[in-house]
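What follows is one chain in structure tokens, specifically the form predicted on its own.
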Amino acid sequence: MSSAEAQWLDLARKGDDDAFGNLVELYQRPVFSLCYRMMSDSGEAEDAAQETFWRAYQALKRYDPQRPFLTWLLSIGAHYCIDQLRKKRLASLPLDVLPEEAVPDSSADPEDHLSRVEEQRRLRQLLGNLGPQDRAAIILRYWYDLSEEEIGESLSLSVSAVKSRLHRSRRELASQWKEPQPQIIRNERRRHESLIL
């Protein structure tokens, strides 16, 4: 944590709204990114990110300074998104868990680009098949590089439960990854190939 961040956090905990605003600016991108990966819709992700910061603001006096602030924020965001997904009962919602697909570089091999695009879409689809807590555990581990202990704290799970969820989710993702690609992906490949020709 930088000295400026520590100072803003200290001031924000004492009621300084401007200092909290600085923290929002500093962390808005990772919080929005988590929410977007969980919710898959930019409008819902914006709402979830705003709700995350609102809840953090309300609970700031209860924040434990021994814990990394970003981990605490991501925990609030993950819980909120899990609750929203449960309410909607959209366990199979496809997620946009990777950065936006890049515009192909004119010097890049079109087949390589198409292959990467297809892999990204397939991964989004497979992650969308996981339950909300499993999805959150995978995203926090592999996109935010949180430890199993930090994930446990964030999701209110024991370390053994986190390990179990990660293991089960990885096995499920690997199993589904090996399955033949659905017709829609083959159709998308044909569409891209026709654009290239």
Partner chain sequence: MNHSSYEEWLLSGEELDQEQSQALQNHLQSCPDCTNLQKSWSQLEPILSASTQVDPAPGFTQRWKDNLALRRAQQQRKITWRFLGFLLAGALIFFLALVIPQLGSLPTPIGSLDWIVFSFISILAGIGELQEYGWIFLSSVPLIVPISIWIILAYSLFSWSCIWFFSIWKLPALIRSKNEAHP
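Keep in mind it's a predicted model, so treat the numbers as computed, not measured. Residue numbers count along the first chain shown, from 1. We call the rigid core the largest set of C-alpha positions that still match within 1.5 Å between the two forms.
What comes next is about the form predicted in complex with the partner chain, which does not appear here.
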Practice task
Indicate whether residue 138 is a 4.5 Å heavy atom neighbour of the partner chain in the predicted complex.
Solution key: yes
Practice task
Please check if residue 36 has a heavy atom lying within 4.5 Å of any heavy atom of the partner chain in the predicted complex.
Solution key: yes
Exercise for the section: Give a yes or no for residue 51: in the predicted complex, does one of its heavy atoms lie within 4.5 Å of a heavy atom belonging to the partner chain? Expected result: yes
Practice task
Could you confirm whether residue 123 comes within 4.5 Å of the partner chain in the predicted complex, counting heavy atoms only?
Solution key: yes
Handout entry: Neighbours of the partner chain in the predicted complex among 10-37 [non-hydrogen atom within 4.5 angstroms]
Key = 17, 20, 21, 24, 25, 28, 29, 30, 32, 33, 36, 37
Problem - Post core alignment: residue 116 C-alpha displaced by 2 Å or more between this form and the one not shown - result: yes
